[in-house]
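Given as structure tokens, the chain that follows is alone and in the form predicted on its own.
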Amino acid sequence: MSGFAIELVGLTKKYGSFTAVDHLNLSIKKGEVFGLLGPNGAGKSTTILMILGLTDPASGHARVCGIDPTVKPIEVKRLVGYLPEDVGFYDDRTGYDNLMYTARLNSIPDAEAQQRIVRLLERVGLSGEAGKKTGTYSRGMRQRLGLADVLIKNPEIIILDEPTLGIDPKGVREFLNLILELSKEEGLTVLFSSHHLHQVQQVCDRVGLFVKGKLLAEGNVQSLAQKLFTRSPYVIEAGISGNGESVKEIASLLKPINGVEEIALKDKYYEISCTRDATAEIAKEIVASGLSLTHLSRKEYGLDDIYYRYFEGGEEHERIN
């Protein structure tokens, strides 16, 4: 049995002459939090619609827990909870009533639904708001209720499509922490679609860079950095004080170390680009030379570095996954 919750093979969607999704190949493991990252209009939402069986691909196929959503969309919907960027509720009914309505739509007996609702409202931090009409809810409260709504049927997979739009920073942080807790404790597979780089990096095990309908790269942040920054994937910052040594003198001291490629003075620190992690050897050489080492740290490339570095190169960068 496959260990993948979602498998996409050659998935393509066209609207007339426009290709919204272009031969997408992607596998998401069970229990994984995968971030689909890309600008608005990249094809993320169209991909989600095909995964849910809400629109048919022009070619290729999807498998959700081994099921083809084009052939058996209802079965897929039983396994997947979907939270769009703007959740629709009956504003003149309470949060509790909206969840009960969803439970009944999913044929959950009332007694069991009541227990689930109480537990989920507590889980998403809305126990005290359960009796209030959803028309009075803030944007963040509606998204929390939306998360409870998709969890009411105990799905194996949840898909979040730009779920944090319009939420204040504190609400975003709490929402993302909740996603992490649910994934770890419930073993849920999460597909998190967003254009917010730092949010994706905060919660996702792996990410895929999605632009103009194509998956340009995928992997965890570290592997993407190593693939993209192939010449010098490690950058070490060193604070060095002595007798006013020049960059050239510092370079002659450190260049013989295996893996050291380039040395530049950035502000008050020396930036040492390396093909491997040579932090220990650099520190040892500086101290042995009689210079004072006042600062030493290894720079960790973030998703924003990867994203913008990729697009700096335009078409010269090929798919790197």
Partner chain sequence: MNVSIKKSILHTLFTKAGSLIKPNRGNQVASSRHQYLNNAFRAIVFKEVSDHVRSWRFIILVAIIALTCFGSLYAALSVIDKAVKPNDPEGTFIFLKLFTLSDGTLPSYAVYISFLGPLLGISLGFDAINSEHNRGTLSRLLAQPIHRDYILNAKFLGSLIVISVLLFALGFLVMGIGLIAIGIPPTVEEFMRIIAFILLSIVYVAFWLNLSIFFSVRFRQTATSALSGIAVWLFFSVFYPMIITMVSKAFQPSEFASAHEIAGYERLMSVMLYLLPNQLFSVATSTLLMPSIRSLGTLSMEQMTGALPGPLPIGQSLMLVWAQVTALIAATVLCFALSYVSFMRKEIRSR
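Residue numbers count along the first chain shown, from 1. All values reported here derive from a predicted model rather than from experimental measurement.
A second form of this protein, the form predicted together with its partner chain, is not displayed here; the remarks below concern that form.
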property	result
Interface stretch in the predicted complex with its partner chain - options 60 to 68, 262 to 270, 42 to 50, 289 to 297, non-hydrogen atom within 4.5 Å	42 to 50
Contact residue in the predicted complex, chosen from Arg206, His196, Lys214, Arg78 - any heavy atom within 4.5 Å of its partner chain	Arg78
Contact assignment for its partner chain in the predicted complex, among Ala251, Leu165, Val87, Met141, heavy atom within 4.5 Å	Val87
Proximity of Lys170 to its partner chain in the predicted complex, heavy atoms at 4.5 Å	no
In the predicted complex, Leu54 touching its partner chain (heavy atom, 4.5 Å)	yes
Gly242 within 4.5 Å of its partner chain in the predicted complex, heavy atoms	no
Gln222 within 4.5 Å of its partner chain in the predicted complex, heavy atoms	no
Triplet Lys30, Lys132 and Leu188 all within 4.5 Å of its partner chain in the predicted complex via a heavy atom	no
Partner contacts for 133 to 172, taking its partner chain in the predicted complex and a 4.5 Å heavy atom cut-off	Arg142, Asp149, Lys153
